[in-house]
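Below, in structure tokens: the form predicted alone, a single chain.
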Amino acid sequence: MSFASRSAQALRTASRRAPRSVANVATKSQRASYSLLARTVSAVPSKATAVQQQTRGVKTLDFAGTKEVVYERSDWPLAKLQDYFKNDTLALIGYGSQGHGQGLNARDNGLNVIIGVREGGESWKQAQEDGWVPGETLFSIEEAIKRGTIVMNLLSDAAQSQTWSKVAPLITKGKTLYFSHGFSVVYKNDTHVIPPKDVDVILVAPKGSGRTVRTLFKEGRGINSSIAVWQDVTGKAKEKAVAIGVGIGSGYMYETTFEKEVYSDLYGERGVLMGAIQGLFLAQYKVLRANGHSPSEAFNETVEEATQSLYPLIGQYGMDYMYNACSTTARRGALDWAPIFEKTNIPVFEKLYESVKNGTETRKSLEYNSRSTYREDLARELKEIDDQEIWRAGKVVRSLRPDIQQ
């Protein structure tokens, strides 16, 4: 086993050995804390914790030479957060991945949250399973918007466009309109989503799926999020965005704009987060197979070592650390070939960014996701990926991991 492999295995082992939270023994008085982990930390303070807390809060940090303001949830202790929203009702529209995570977190933080979805649909059933009560905290979309003072539009991008003509008249003066993606507002010529002029329009965009938003909150960590203001009628729109960001489970928040949020989001998803990584994995795997390597060897050298050994080191310590953790031969080759891949891929990424910026990707997404056969078409495309040899081989390799056999 390489040094990199041993390091990654040690990280996973330490994670598995970490003490588990004891949700079943929480008392009512404990619910005032953000999470079980926060309760544990507050119950057993340490010098290190005290020093860390003293340095937290709104701050300006130097990110590689660029100074940025960062907002941190310690400026919003739970009592302050609950008092700030004591006269508000958060009407969360849509109960998909983000709706689930943000809604449950805000409810656990003691905020007044109601859910608005299509009655009797799958989301309605899911919301009931999560404890939302019809007629009390679960309503139709129209009724929830009427009752809410802060309307959190977390429908899918396509659904926001399709429902806007019915939603817009309900966003009356004095309400706040909230998004977790700049898509609908930035590409208004395609979505026709144009907010009323007399309401605050804000954004909190968690940097991860709604399931991750929920998981990190329950662990007491909190996800990183972007915040932005599209329209500030009250003069308090940014403050409100930060407060809601804390309410839905953010740990740290960074300022951006609606435009930059959606550009970077669409670009990243199509690039190294999802699209490019699938393309690179497949290209490398195919060349190995064409040169006589077995499926298991091709998968291990392409995916398994990347995801289980090297990528965790990058996430934990940085690229230079990962290079240093590898053999001298691997290090030399990586340093030589990285600039070649960079030069080759910059034109592709430039083309991708322009496609995002000019709305081409938006129009493709709206067209595809608005089809009546959307779910069937998606299932077919995902099955094609699942049926690729690289991922069929991967299922067998994953089943052989030591941590799965234990």
Ligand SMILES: NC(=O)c1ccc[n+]([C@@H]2O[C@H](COP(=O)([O-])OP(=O)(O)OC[C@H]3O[C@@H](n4cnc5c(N)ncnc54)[C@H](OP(=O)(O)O)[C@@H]3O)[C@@H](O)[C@H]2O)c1
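Values in this document were obtained by computation on a predicted structure and should not be read as measured data. Counting begins at 1, following the sequence as shown.
What comes next is about the form predicted together with this ligand, which does not appear here.
- Only one segment in the set 103-111, 307-315, 158-166, 129-137 has residues whose heavy atoms sit within 4.5 Å of this ligand in the model of the complex; it is 158-166.
- The shortest heavy atom separation between Tyr285 and this ligand in the model of the complex exceeds 4.5 Å.
- Shown alone here, Gly210 lies within 4.5 Å of this ligand in the model of the complex, counting heavy atoms only.
- Residue contact check for Tyr374: one or more of its heavy atoms lie within 4.5 Å of this ligand in the model of the complex.
- Within 4.5 Å of any heavy atom of this ligand in the model of the complex lies no heavy atom of Gln231.
- Highlighted residues Ser264, Gly271 and Ser355: none comes within 4.5 Å of this ligand in the model of the complex, counting any heavy atom.
- Between this ligand and the residues Phe258, Tyr71, Tyr95, Phe299, the one pair within 4.5 Å by heavy atoms in the model of the complex involves Tyr95.
- Proximity to this ligand in the model of the complex, taken as a non-hydrogen atom within 4.5 angstroms, holds for one residue of Met253, Leu177, Val117, Ala241, which is Val117.
- Although this ligand is not shown here, in the model of the complex the stretch 216-253 places no heavy atom of any residue within 4.5 Å of it.
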